[in-house]
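Okay, here we've got a single chain as structure tokens, the form predicted on its own, with questions on binding and movement later.
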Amino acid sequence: MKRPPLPSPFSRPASGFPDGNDAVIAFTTRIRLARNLADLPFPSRLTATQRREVARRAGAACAECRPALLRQTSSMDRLSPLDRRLLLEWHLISREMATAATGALLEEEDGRVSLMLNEEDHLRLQVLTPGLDLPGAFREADDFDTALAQHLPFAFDAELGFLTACPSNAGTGLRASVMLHLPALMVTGAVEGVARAAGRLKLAVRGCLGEGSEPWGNLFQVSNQSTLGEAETAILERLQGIVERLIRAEEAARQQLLTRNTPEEQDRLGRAFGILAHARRLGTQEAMNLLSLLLLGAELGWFPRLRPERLRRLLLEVQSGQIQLAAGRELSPPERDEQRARLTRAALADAART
């Protein structure tokens, strides 16, 4: 609870996204590179002493090539469940690390670059940027990876590429993903078709917290599934292609909604506004789903007094970790639901008076 909120790209939409009614579909881009030290077992077989050795060597390497990462260090065994939840909501740790007894996170203050230690692999280097920027995020990750390799002996095979704990990550060790907001595709019922198309291209479509999560708030994480036998450029080009296709499909669905402009669809979005502006208790899933519809309506121009950038920020702020951080203490589920409702009522108060 002493830890201040990180200004990660996802929590800073006003600086990373357009203002006004410009529709923003691609929220964030993330590049993750899995790496292991050649002279130590994979993390699942490490002793406590070896885990500390990984952390020591990674820290020493970062001190040489990226010292800013050492300014914020979080050891999982010293964090409260709430702190772990916050790191998960900020997309800085995985769902697996959020529940693990060991592991650590090194991060820069803006949350853009981070390094998970002793998760499934010894190191998982991450770059998180606003909007759709696969080439830029990969360049930054690749430069950092190259710098680390000057100080750390990464496990590498001439035929297989980088060796990882899970065979599906072997090869490049690259997981690239883009967070997309696709409410119009959900409203029109077309999202399943594009998800199947992504699967045929060996891409995964998951919820906003990654593997095993639901697409609350109509937020979908689209990422590559395979890394072996392909160059990084080929993986990124394929992902870029399907993301652009999804963005075009979402734009077409939004135009369809504007053209039809049916009372039923306006009523659905209007009811979302009514609940958020007047509810006394709201669960996380309900709040995010309603905010997604309200954001869609604001970007379509149906709610001219609502600022889309504020609604995007609310999609993060209504999550359980953020709710408790804002309250300054751990809250019971009913207390979180009440605090969440107060937050949305206050955010929509001015518009509710018109």
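Bear in mind that the values here come from a model prediction, so they are computed numbers and not experimental data. Start at 1 and count along the sequence shown; that's the residue number.
The same protein also has a form predicted together with another copy of the chain, omitted here; what follows describes it.
Residues with any non-hydrogen atom within 4.5 angstroms of another copy of the chain in the predicted complex fall in just one of 277-285, 88-96, 240-248, 121-129: 277-285. Taking the partner from elsewhere, residue 138 is found to have every heavy atom lying beyond 4.5 Å of another copy of the chain in the predicted complex. In the predicted complex, at least one heavy atom of residue 273 sits within 4.5 Å of another copy of the chain. Under a 4.5 angstroms non-hydrogen atom cutoff, another copy of the chain in the predicted complex lacks residue 143 among its neighbouring residues. Residue contact with another copy of the chain in the predicted complex: residue 266 places a heavy atom within 4.5 Å of it.
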